[in-house]
Each structure stands twice: as C-alpha cells, then as structure tokens.
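In structure tokens, the next block holds one chain alone, the form predicted on its own.
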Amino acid sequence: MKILFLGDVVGNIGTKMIKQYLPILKRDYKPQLTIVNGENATSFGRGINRKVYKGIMDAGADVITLGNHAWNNEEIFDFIDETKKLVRPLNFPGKDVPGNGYTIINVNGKKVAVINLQGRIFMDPIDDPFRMIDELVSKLHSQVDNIFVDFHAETTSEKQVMAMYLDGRISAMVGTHTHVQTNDNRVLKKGTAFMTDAGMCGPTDGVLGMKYENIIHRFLTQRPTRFEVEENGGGIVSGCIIDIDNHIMKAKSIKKILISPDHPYQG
C-alpha cells in the first residue's frame, strides 16, 4: 500500500498548489490513500472552513488532518461532526470535544487508521499525547491493518521520541507544524516509516507562509505584529510517499516530495 502525505496547507497559494499538483502526484505515484494536513488552509492562514475543506477533498485528498489552529475558524463547528474525513488532534482536552481524533478508512479491503496527534513542548497545554496514543493504538491493533499518525508538534526531539516510542506498533508517523521539511525520512529499526516534518504547501516568498515585513518588524521592535499570509510569489508542495507491506504493518520505504521554484517537478 502506498500512502501520499502532504504537509500543512497555508493560505490561498497553498490551496492553489494542492489543486495544481495533487492530481499530478496521484497520477504518477498511484497512492491508495492520500492524506493532507489542512491546519492553515484558510486565506488568513488559520484553521479550515467548509469551502476549503471541499476544495482539498475535490483535489484528491481522502483524509484531512489538523493541528493547534483547528478551532481558529468557527465555521468548522458547523461541519466537523458531519464528516469522518476531517480529523483533529486526538489529545485535545475535554470530554465533549467536537470531531474525532482518528478515522478508519477502507482501502481495497484493508483498513487504515489515520490518527492526528499534537505535541506539548512550546505548544498549548493539552492532554498527554503518549498516554493517549498508547491507549488508542492498543485498541486499534485488533481492528485495522495499518496505522498512520500525523504528529503536529513544534520540537524535533518530541517528534523523534514519539516515533521511536511507537516504532513497530504503527506503520508510519510524519510530523507537521513547523512548515520546514526535514531531510531525515527513514524506516526505523522495527519497521515504522518516519519523517520529522513533512514541510508545507504554501508561499515560498514569506516566512513559514507569512509576510516577511510583519515578521521582521516583530524581531526588530519586539512589539506585537499581526501575521498575514503571503499572497504573492511562488509556491511550494512538501510531503512524502510511503510504501507499506500490508501483511505485517511495516513500511518498506518513505521518500520525500518537494516541489518549488528551485525544485521543479520532474514527474
């Protein structure tokens, strides 16, 4: 089984890049499951709304994951409980959290669990991701053939520790949130595919997708600045393609995907 995963979609340029390149990537890589992180996909770079959700799904996504900005657009509360294809972090605190922290997708007779998890280092205080993923993975092992985790976290260490902790118990774990793709894609000792951060799908000419001018003003003055999504310039598509052995829930390979003005798509 091949799983295509694309990192945080940021703003209008991000959604444009998804619509342009996702169909091409699916044509060339032929994944059986496509997952996209839509954490920053609205025009203002925070959260997701129904229109953007539908646009990413229509472009070819099977599941959309989120992160710490999941609730930044109130419109999400109108539809997140209606769909099993939109997944928010499993460890959001509270008993009656809208939506679900995972979903199970049937792919050619094989069941794949897609889990969204959020870290705690330099992030909002939420429930323990290690304890919660432990409980869920133990429950899912008797229900699914493969498990994929999008771990939305700030630090490389927390992501790497989580991957090693889950090694051999899940098929793949890919980090999101930093918007910068790492070059450490590999299969761990016990068969779990891992990449610290998939990167983003968004503007190349800003700072992590935001306008440079606002960011440098904050660094120079230490005064609050309103971050605005970069709407001009080129775009980037970042992610990975994972090949999994269906029979033993172990990955065979994980290869990064990077498309940008400096890395044109070769096909």
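One rule holds for the numbers: they count along the sequence shown, beginning at 1. Predicted, not measured: the structure shown is a model, and the values here were computed from it.
Beyond the structure shown, there is the form predicted together with a further copy of the same chain, which is absent from this document and is the topic of what follows.
Heavy atoms within 4.5 Å of a further copy of the same chain in the predicted complex are found in exactly one of 96-104, 79-87, 109-117, 140-148, that being 96-104.
Contact annotation: residue 136 falls outside 4.5 Å of a further copy of the same chain in the predicted complex, judged by heavy atom distances. Proximity of residue 127 to a further copy of the same chain in the predicted complex falls within the 4.5 Å heavy atom cutoff. Mapping the unseen interface onto this chain, residue 256 counts among the residues with a heavy atom inside 4.5 Å of a further copy of the same chain in the predicted complex. Proximity of residue 207 to a further copy of the same chain in the predicted complex: non-hydrogen atoms within 4.5 Å are present. The partner is not shown here, but in the predicted complex the stretch 171-205 reaches within 4.5 angstroms of a further copy of the same chain through a heavy atom at 178, 180, 181, 182, 183, 184, 186, 189, 196, 205.
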